[in-house]
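First, one chain by itself in structure tokens, the form predicted on its own.
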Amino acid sequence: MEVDRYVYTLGIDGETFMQGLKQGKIIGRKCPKCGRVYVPPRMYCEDCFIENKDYIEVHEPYLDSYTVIHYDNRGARLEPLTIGLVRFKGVSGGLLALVDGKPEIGRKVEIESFDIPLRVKVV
């Protein structure tokens, strides 16, 4: 049996995160007990096992790691494409992004585009 149509729902945290992107913001969610902030937002704190409460905008993105892709999944050569893990100061988690500029681990990045995929520039 095949499915004609598949509907994926983001859930409340996913919807809040996507609305933040549309407004040019990266939104995380904060644990009321330990203060840990998660990006993307998560319903429960991984350490305290309680429901996270407040949504907050996060800042100070930096490049945590990256890789350069030279071939697609069929083996065809591509223009080099840099994919990086972008983290935010004082935040747990991170986001994958296309990286413009010369990548260097730990360098600050500027978010160029809040679309999916996220696009950042090394500054």
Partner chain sequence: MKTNLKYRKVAAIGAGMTQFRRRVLDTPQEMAWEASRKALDEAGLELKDIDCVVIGSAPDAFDGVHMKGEYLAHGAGGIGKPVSRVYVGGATGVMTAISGWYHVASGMCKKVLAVAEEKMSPGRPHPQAVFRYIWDPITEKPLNPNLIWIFAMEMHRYMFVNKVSKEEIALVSVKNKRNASNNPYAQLGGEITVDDVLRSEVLVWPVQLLDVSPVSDGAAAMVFVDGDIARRYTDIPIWVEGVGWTLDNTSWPGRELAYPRYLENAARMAYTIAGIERPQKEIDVVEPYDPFDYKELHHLEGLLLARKGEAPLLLKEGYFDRDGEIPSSPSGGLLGVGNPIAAAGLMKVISIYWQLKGTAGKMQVKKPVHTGVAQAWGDLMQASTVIVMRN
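Positions refer to the first chain, counted from 1. All of these numbers come straight from a predicted model, not from anything done at the bench.
There is another form of this protein, the form predicted in complex with its partner chain, and it is not shown here; the text below is about that form.
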The one option of C34, V68, L98, I50 with any heavy atom within 4.5 Å of its partner chain in the predicted bound form is I50
Any idea which of 98 to 106, 19 to 27, 111 to 119, 6 to 14 reaches within 4.5 Å of its partner chain in the predicted bound form, heavy atoms considered?
-> 6 to 14
For R42, is any heavy atom within 4.5 Å of its partner chain in the predicted bound form, or not?
-> yes
May I ask you to state whether E46 is within 4.5 Å of its partner chain in the predicted bound form, using heavy atom distances?
-> yes
